[in-house]
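For reference, the chain that follows is the form predicted alone, supplied as structure tokens.
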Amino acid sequence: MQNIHLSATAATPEVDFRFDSHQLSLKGESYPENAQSFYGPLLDAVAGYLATLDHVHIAVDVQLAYFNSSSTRLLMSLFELLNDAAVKGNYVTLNWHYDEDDDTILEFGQEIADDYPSLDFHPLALVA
């Protein structure tokens, strides 16, 4: 599976999916004009990648400062895929990076932890 690296834009996050080392990263802000066209191919790639795994440790780092509602829906789809992979015997660590002063982002991460309990969730405060 070919790794994916997309540089951040004003409206889309940096994407660094290193499938060969089982490390996935999203960083920046997410409010693309068409979230489906941005996240759809990424979700397809992740689904294809996860389908090949068996008892693998996957590290996921998310450091999003902002995401709009359409991005939220697709991010939840990503976490659902990862949770399903964990249920099937893989080990998925979700490192949730947030600004120490941003309670909204922290609360969203905690909702993910509640909704997808098979993910090994780690909230990590970014200190200014």
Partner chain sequence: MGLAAFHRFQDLAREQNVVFYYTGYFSQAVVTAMGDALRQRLNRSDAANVTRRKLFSVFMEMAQNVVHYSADPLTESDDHELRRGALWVGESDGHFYVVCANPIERDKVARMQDKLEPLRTMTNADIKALYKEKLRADGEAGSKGAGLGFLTVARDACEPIEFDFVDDDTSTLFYLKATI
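Numbering follows the first chain given and starts at 1. The structure presented is a predicted model; accordingly, all values stated were derived computationally and were not measured.
Keep in mind that the form predicted together with the partner chain is missing from the display, and what follows is about it.
Q: Do L106 and the partner chain share at least one heavy atom pair within 4.5 Å in the predicted complex?
A: Close contact is absent here: in the predicted complex, L106 is far from the partner chain, nothing within 4.5 Å, heavy atoms only.
Q: If you check in the predicted complex, is N34 within 4.5 Å of the partner chain, heavy atoms only?
A: Although the partner chain is absent here, N34 would touch it in the predicted complex, with heavy atoms inside 4.5 Å.
Q: May I ask you to check whether D54 falls inside a 4.5 Å heavy atom distance of the partner chain in the predicted complex?
A: No, D54 stays farther than 4.5 Å from the partner chain in the predicted complex.
Q: Determine whether any heavy atom of R73 comes within 4.5 Å of a heavy atom of the partner chain in the predicted complex, and answer yes or no.
A: Residue-level check for R73: yes, a contact with the partner chain.
Q: Taking a heavy atom within 4.5 Å as contact, would all three of A10, Y66 and D102 count as contacting the partner chain in the predicted complex?
A: Contact check passed for all of A10, Y66 and D102.
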